[in-house]
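Presented as structure tokens, the chain that follows is alone, the form predicted alone.
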Amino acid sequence: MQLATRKLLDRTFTGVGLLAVGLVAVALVAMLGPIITRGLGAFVFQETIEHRRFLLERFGRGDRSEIEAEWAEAQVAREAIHGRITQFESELRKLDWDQRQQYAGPLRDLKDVLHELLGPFPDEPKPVMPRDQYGPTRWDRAQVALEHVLFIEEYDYSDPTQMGKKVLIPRANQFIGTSLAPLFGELETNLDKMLLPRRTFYWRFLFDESVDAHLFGGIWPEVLGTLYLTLGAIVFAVPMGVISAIYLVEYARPESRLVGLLRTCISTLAGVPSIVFGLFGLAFFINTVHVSQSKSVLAGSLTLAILILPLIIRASEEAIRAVPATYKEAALSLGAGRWRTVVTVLLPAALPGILTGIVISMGRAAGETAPIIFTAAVSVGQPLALWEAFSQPSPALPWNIYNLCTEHEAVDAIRHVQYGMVFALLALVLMLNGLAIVLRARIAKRLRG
């Protein structure tokens, strides 16, 4: 091959490689950018007085005298709204039956959306559910609630060739000429005085428990459950995987049919869909072996360990094979036995490669959803003590992300929680991987002397 042709091919391959790296970088930015920015919205946002009240009453957090003073200030701003409702109800009782019926339905709907915006009225009994005890805790959700007060959503189906078109009708049209008509303008003008928004950094989102199905509070049970499941899977899978790799490389006869069958089984396991592992974990660990009476973190960890076992075996096997043969020959020539050679020479030299496989396995175990649906995960739960993990299920970030996005009744109201969970999961995986990479680098540096 001529020199000019080789240079052209080298430049072509270099250009293609750089292009591939650039495309990967652009894809990562496009994918992770919205997750990071919107995930940070679970921690940094404009909180309302309702959020400060919630933290004080539920977690005893905040300056009580300051919050009570702010709450009194907000109540003064809301008195005009409550007064107009009371005045209109008094006027309504003086009207004839037909006129009362005309306004009864719209007034009931108005009070419902006002409860959504401002919480319960002062003269009403305290509701049972936390979602009914407070107004919106975030200023962005307050804007959505205000729109529900100001407008009625209807759909126009006049064009049969198209889907219904959403139309916003001012709710004030229902109360033209009544004492309630000015209420809507007052709400729009004075909402900031009624809710007192203030920017905050809610770092305890990671460590607070959720309240009322994630409408309030944080995600600590999910974070802790994910940690338990990931570390438990690694604890069970790594010893089995490394020992299996040692056997396949150092002790098994390559021409043996049994060894060939084992390698085929390992390769097959690596390609089995994760939902199959979940069903296997339910059938074997829970219903047959009875490691727990029902779902538990232990059963989920064992299932995830089986899932990542082929990856750890393959990575460990390749790392051991990559150790120069002279290391083994030198140890044997000095009189070391095979097992001593493996433990004191081959494994330390192969440890960086083995840790690489463990890092990849941790990321997969932390992000898997299907295997833990049947074995470990629940939608709502309390943080577990370590000894409770052997018999109790736990919320986990992958399952709860899916659950909140698909099955929660107030999916739009908790959108920040969903992105916050995704952000926390990415941060958790990066943290675990970072720790493993640092450990790998230190071990490699020590081996180089």
Partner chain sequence: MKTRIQSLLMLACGFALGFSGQTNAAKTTKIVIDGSTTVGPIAKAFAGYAMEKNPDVNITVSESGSGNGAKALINGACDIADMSRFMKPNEFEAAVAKGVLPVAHVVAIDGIAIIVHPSNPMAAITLDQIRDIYMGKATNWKQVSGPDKQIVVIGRDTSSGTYETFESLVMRGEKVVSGAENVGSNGQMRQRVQTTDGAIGYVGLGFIDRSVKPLKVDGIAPDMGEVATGRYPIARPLYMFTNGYPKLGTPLHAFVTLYLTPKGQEIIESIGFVPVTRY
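Numbering follows the first chain given and starts at 1. Fair warning: this is a prediction, and the values are worked out from it, not measured in the lab. For clarity, a rigid core is taken as the largest C-alpha set superposing within 1.5 Å between two forms.
If you look for the form predicted in complex with its partner chain, you will not find it shown, but the lines that follow are about it.
- Contact check for residue 352: a non-hydrogen atom falls within 4.5 Å of its partner chain in the predicted complex.
- Interface membership of residue 388, defined by any non-hydrogen atom within 4.5 Å of its partner chain in the predicted complex, is confirmed.
- Interface membership of residue 46, defined by any non-hydrogen atom within 4.5 Å of its partner chain in the predicted complex, is ruled out.
- Within 4.5 Å of any heavy atom of its partner chain in the predicted complex lies no heavy atom of residue 37.
- When its partner chain is considered in the predicted complex, only one residue from 157, 121, 201, 327 comes within 4.5 Å through any heavy atom, namely 157.
- The putative spot formed by 69, 99 and 219 is not touched by its partner chain in the predicted complex; no residue has a non-hydrogen atom within 4.5 angstroms of it.
- Note that among 158-166, 69-77, 184-192, 82-90, the stretch whose heavy atoms approach its partner chain to within 4.5 Å in the predicted complex is 158-166.
- Contacts of stretch 405-420 with its partner chain in the predicted complex, defined by any heavy atom lying within 4.5 Å, are made by 405, 406, 407, 408, 409, 410, 411, 412, 415, listed in sequence order.
- Remark: with the core as the superposition reference, the CA shift of residue 166 between this form and the one not shown reaches 2 Å or more.
- Residue 297 is not among the residues whose C-alpha shifts by 2 Å or more between this form and the one not shown once the rigid core is aligned; its shift stays under 2 Å.
- The two forms, fitted on the rigid core, differ between this form and the one not shown by 2 Å or more at the CA of residue 157.
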